[in-house]
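The chain below stands alone, shown as structure tokens; this is the form predicted on its own.
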Amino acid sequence: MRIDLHTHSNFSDGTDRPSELINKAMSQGITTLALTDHDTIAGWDEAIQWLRPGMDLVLGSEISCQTEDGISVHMLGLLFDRANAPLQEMLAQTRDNRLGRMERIIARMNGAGIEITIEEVHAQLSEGATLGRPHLADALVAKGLAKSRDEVFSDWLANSSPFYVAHYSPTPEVAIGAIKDAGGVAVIAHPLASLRGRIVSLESFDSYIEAGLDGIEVKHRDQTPEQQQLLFDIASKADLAMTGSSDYHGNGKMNELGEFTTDLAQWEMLEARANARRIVRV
């Protein structure tokens, strides 16, 4: 069994269409794959259409959150009811606020002499995709102002950059509540990935657990073995599921499909916490 519970398509900041993602995962022996695009479910239907016997599809979304003191947190919502209106409204509000954020980032870059337009950024999006900083990075690369996404994030778009702008996001606790109310399960993604910016304190997990957190993404390339052990200890003490995931983005990042996976027993424990069986198989 090879279970990868965190991947992205070009409906957010990945580079593969959902159909390509499904085909790659099947060819690499992934037996359970979660599609978790940022703040959207727009890629679900295409992924379902291309699913073939031999692989289970887990539908979800990676929800952009922010703590009261401004720390970015990503919450994976899996196996939730797509018809749940409050959760869909939360995702829509987060997506809408990404446009205003992008316009402010571009204004700051223009003021510093970096010539890029919102139209050039939109040209990098597939239809229905969630707008994000990676699309700005792709526009800068396409214009010859940088060589790669990694270079853009390192030089211009990191959280510590003068061009960084925060945007509306629910708190992690609110996101967990919305996922649970929609019948799904909530897994905090790469919570100790310090290279991405400020990270939550270990004490913060008490509040997330109280809100109904179901799991922690323990095995992830952006977390050291020491950080993974800390998360393992928290999950063990609180009886939370422990996941491992690739956070695959296609050509957008170095992450490879299935480079970290979730043990079957942990996945069964997590899946049992949803209020209905929503795994897709054909």
Ligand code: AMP
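These figures come from a predicted structure and were not determined experimentally. Numbers follow the displayed sequence, beginning with 1.
Another form, the form predicted in complex with adenosine monophosphate, is not on view; read the next lines as being about it.
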- Task: Taking 4.5 Å between heavy atoms as the contact cutoff, choose which of 103, 96, 150, 181 touches adenosine monophosphate in the predicted bound form.
- Result: 150
- Message: Tell me which stretch of 83 to 91, 170 to 178, 142 to 150, 120 to 128 has a heavy atom within 4.5 angstroms of adenosine monophosphate in the predicted bound form.
- Response: 142 to 150
- Item | residue 219: touches adenosine monophosphate in the predicted bound form, heavy atom cutoff 4.5 angstroms | no
- Query: Is there any non-hydrogen atom of residue 250 lying within 4.5 Å of adenosine monophosphate in the predicted bound form?
  - Reply: no
- Task: Heavy atoms within 4.5 Å of adenosine monophosphate in the predicted bound form is the criterion; list the residues of 51 to 79 that meet it.
- Result: 74
